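Single chain ahead, by itself, as structure tokens, in the form predicted alone.
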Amino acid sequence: MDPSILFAATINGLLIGGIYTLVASGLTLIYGVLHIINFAHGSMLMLAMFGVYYLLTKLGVDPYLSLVVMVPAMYLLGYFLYKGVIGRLSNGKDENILLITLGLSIVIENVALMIFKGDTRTITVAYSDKMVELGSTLVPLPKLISFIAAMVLCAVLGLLIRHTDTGKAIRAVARERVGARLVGIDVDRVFAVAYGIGLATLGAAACLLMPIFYVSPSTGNVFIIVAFTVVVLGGMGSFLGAVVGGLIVGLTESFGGLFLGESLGQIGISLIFILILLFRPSGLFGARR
């Protein structure tokens, strides 16, 4: 096979992987660190993408400038959603959180379908068709921006968790919930903050996705299974693992599509996922239990 085709597939896989990493980074925090199985993750991403869509079409706000609105808005949504609904109704039980987030996902999707209808919406901005030359291949500028932003976002999240008081409290709650409460940490508040941060990353992801992707009420379903795969593949709670897992999934999909056809490209993702679970259930960068 022509090496230039393999090179193009590699670049395409890395860029796709960057998008998957971006979506999975918030889930890494919510699911990997706090062990909240957030089935509403995809639906929240869809809501954020509609927010970016209407900021552009109604107010003329560029998707990248929407970051200053969508990130804090999604954080506040996540914080108060946990405080008012998830935390209050779950009583701290993981199985209740699973059912509540699953119910939220169904409600949000159906309300979105009622309001926005089933139409697929895309946006066009001045740089939509801009291309950047990387070696012997051309890549869309918005995809390259999404990839770079995903790497920066994961690095910032990793530093936040490792070096700030909030991050240390999140790690303490994740490691030993009862012990954290005994030393004076407000566990419920930490959960709400972590859930808010997880949704804030979706706000950023939506701003970076809209120039290259479509939005409809079912858009979240496209990403949620892949996001869970990335989190488990990389190792629960590991932001480095989310980056590596996302890139592996992207490369697998790209090369699967190249050799098996576009419709069968995702078979390789399931295969790698099964192999990782068989030989390293804690994921590539997860701590052994």
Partner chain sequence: MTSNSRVSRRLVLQAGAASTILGAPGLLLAQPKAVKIGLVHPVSGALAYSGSQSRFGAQFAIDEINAAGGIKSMGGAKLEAALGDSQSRPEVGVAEVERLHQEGVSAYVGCFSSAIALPATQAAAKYNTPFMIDVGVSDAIVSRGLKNVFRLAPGNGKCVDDAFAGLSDVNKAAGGPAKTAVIVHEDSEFGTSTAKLLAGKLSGIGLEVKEVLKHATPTRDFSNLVLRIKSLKPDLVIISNYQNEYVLLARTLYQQKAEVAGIFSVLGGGFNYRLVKEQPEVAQYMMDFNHWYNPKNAKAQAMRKAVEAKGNLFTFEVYCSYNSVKCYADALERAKTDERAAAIAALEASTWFPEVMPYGPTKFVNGQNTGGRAVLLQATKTDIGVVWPNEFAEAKPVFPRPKVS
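Quantities reported herein were computed from a predicted structural model and do not represent experimental measurements. Numbering follows the first chain given and starts at 1.
Just so it is clear, the following notes concern the form predicted in complex with its partner chain, a form of the same protein that is not shown.
Contact annotation: of the candidates Leu240, Ile37, Val222, Leu65, the single residue with a non-hydrogen atom within 4.5 angstroms of its partner chain in the predicted complex is Val222. Residue-level contacts in the predicted complex: of Val187, Ile212, Leu144, Leu76, one residue has a heavy atom within 4.5 Å of its partner chain, and it is Ile212. Proximity of Thr166 to its partner chain in the predicted complex falls outside the 4.5 Å heavy atom cutoff. Ser216 belongs to the set of residues with a heavy atom inside 4.5 Å of its partner chain in the predicted complex.
Looking at Asn91, you'd find every heavy atom of it more than 4.5 angstroms from its partner chain in the predicted complex. The shortest heavy atom separation between Gly135 and its partner chain in the predicted complex exceeds 4.5 Å. Remark: all three candidate residues (Ser128, Val226 and Ser254) come within 4.5 Å of its partner chain in the predicted complex, counting heavy atoms only. Screening 176 to 184, 120 to 128, 97 to 105, 80 to 88 for residues having heavy atoms within 4.5 Å of its partner chain in the predicted complex returns a single hit, 120 to 128. Contact annotation for 53 to 88: a single residue, Tyr53, has a non-hydrogen atom within 4.5 angstroms of its partner chain in the predicted complex.
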